[in-house]
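Form predicted alone, single chain, as structure tokens, below.
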Amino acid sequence: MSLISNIDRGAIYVWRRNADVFFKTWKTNFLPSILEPLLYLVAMGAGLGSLVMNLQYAGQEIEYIRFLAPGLVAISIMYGGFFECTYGSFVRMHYQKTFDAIVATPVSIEDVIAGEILWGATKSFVNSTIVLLVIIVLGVTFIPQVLFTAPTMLLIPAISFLGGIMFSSIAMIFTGLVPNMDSFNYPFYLLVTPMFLFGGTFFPTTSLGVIEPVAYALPLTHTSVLMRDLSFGTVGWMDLWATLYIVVLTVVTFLLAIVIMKKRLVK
């Protein structure tokens, strides 16, 4: 509890510092978030989707591109938080010495770590919201199959921020452990890539057969379930368990990230 008590409004100052830097280069930051879902929807949704039969999901038959679209939102949540709190945080900590400069002020180490995680969650929120808006625009104009009309889709930004805290906290744990930037290859290849492929984003987890339970051990799977059910308006008990999983993992990884990062920063 002492870790939490040391977190004050200084975390907001750290968040604000990162936000100011981000919006100075907003054009280059927003462009990938717009282009990436377009490329996936065209290549995977329209291209591969034309070869795939309609899928059964929550008792209804849907086109593959409509199944894929919420998965892209989930992927953007994962990438937004994970990239920012690994490579971004490591550069600020090790190369730019930004953390050292901030800690020299009345801002605590816990504030720095919490502020970084909050900023990573904000990147997840921004990226996923852009992807969602791109999907909605495509649904209204060019590809009607991807249009989301369920009122529950309005909850997606809030869940995106929560998921962003989870993925950012996980990323910050690795930032506190790796000896150098090249070592980030391990969490990306051993954790992020399996989540990307088997997290229920490109095909239903039921297709995995006997290894389906393994998929539900991955954070992205639960994020994908929530994004898809909120998009379609098919919210049920599964979503309650997915939310509980995300909340519990977020609390555990957040506290663990603070402990590990503090040990690294306090020398």
Partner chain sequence: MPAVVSARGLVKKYGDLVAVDHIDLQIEKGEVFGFLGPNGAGKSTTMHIIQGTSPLTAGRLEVLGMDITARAKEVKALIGVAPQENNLDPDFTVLRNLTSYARYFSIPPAQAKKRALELLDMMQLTEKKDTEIEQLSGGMKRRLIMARALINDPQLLILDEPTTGLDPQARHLIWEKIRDLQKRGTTIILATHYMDEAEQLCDRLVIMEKGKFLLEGTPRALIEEQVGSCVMEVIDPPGQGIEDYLATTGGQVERSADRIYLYSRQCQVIQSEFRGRFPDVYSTVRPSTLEDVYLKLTGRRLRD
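Note that this is a predicted model, so its numbers are computed, not measured. Numbering follows the first chain given and starts at 1.
The same protein also exists as the form predicted together with the partner chain; that form is not shown, yet it is the one meant from here on.
A heavy atom within 4.5 Å of the partner chain in the predicted complex is found for one listed residue only; from Leu244, Val252, Val259, Val21, this is Val21. With the partner removed from view, the residue among Val107, Leu132, Ile75, Leu138 that has a non-hydrogen atom within 4.5 Å of the partner chain in the predicted complex turns out to be Val107. The stretch among 94-102, 151-159, 67-75, 183-191 whose residues place heavy atoms within 4.5 Å of the partner chain in the predicted complex is 94-102.
Looking at Glu84, you'd find every heavy atom of it more than 4.5 angstroms from the partner chain in the predicted complex. Contact annotation for 110-134: a single residue, Asp111, has a non-hydrogen atom within 4.5 angstroms of the partner chain in the predicted complex.
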